[in-house]
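The data below hold one chain only, encoded as structure tokens and taken in the form predicted on its own.
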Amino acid sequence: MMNLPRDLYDPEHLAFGEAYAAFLKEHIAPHHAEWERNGMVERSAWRKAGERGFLAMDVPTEYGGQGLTDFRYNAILSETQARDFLPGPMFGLGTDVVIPYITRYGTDEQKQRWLPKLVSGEWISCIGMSEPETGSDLASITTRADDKGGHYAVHGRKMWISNGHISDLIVLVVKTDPTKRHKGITLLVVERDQSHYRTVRLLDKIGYLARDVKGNS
């Protein structure tokens, strides 16, 4: 196979990748086989990643982040983890998928409440989209949220939720107006310890054995 030259990354990106590779070798690789046997990564991995600045790098500094909006840093993390065959810790799910919802659409109060904990790794996040009956067809989801004036009552089940078993905060995809299909969808942020959000079991997986993927809740 021909090796093609790469000019995507600058020296600072390469240095960042070398630091992440060293982090993986010291703190992830020695435990990965055990995590695969258990079907779940230990929460301490997020703390260690947060301490070294490998989580949610683009979060503004006033909320505990580094303000690195260059997505090449995000790409390096995913690329390095894949190259070293250490797919268990799904750090990128929070960094690339969940947290941007909060930074873009959250109020300042919400950002102050959630982002520092997510950047530091104290909290782990996930996104609840797929459902047992509909898979990832979001227009057809049946989980609904009824406005009770000051709070929502949520009814439904989610499945195949990565990081779902150990997450502290979930961005939950619900229907607030089921008559409008995709236009009736709302994203609710749910804190585990202040809700009746319940996980049932970890799912058996083919490949990616250490990844925490939950069943119905």
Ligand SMILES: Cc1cc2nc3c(=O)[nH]c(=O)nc-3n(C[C@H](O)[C@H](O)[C@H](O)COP(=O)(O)OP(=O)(O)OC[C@H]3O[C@@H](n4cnc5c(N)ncnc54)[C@H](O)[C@@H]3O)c2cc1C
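In case it trips you up, residue 1 is the first one in the sequence shown, and so on. Since we're looking at a predicted model, the values are computed, not measured.
Omitted from view is the form predicted in complex with the ligand, to which the following refers.
> Using a 4.5 angstroms cut-off on non-hydrogen atoms, would residue 35 count as touching the ligand in the predicted bound form?
Residue 35 lies outside the contact set for the ligand.
> Please run the contact check for residue 135 against the ligand in the predicted bound form: heavy atoms, 4.5 angstroms, yes or no?
Yes.
> Does residue 205 reach the ligand in the predicted bound form if we count a contact as any heavy atom within 4.5 Å?
Because a heavy atom of residue 205 falls inside 4.5 Å of the ligand in the predicted bound form, the answer is yes.
> Closest heavy atom of residue 128 to the ligand in the predicted bound form, within 4.5 Å or not?
Yes, residue 128 is a contact residue.
> Out of 52-60, 154-162, 176-184, 39-47, where are the residues with a heavy atom within 4.5 Å of the ligand in the predicted bound form?
This holds for exactly one stretch, 154-162.
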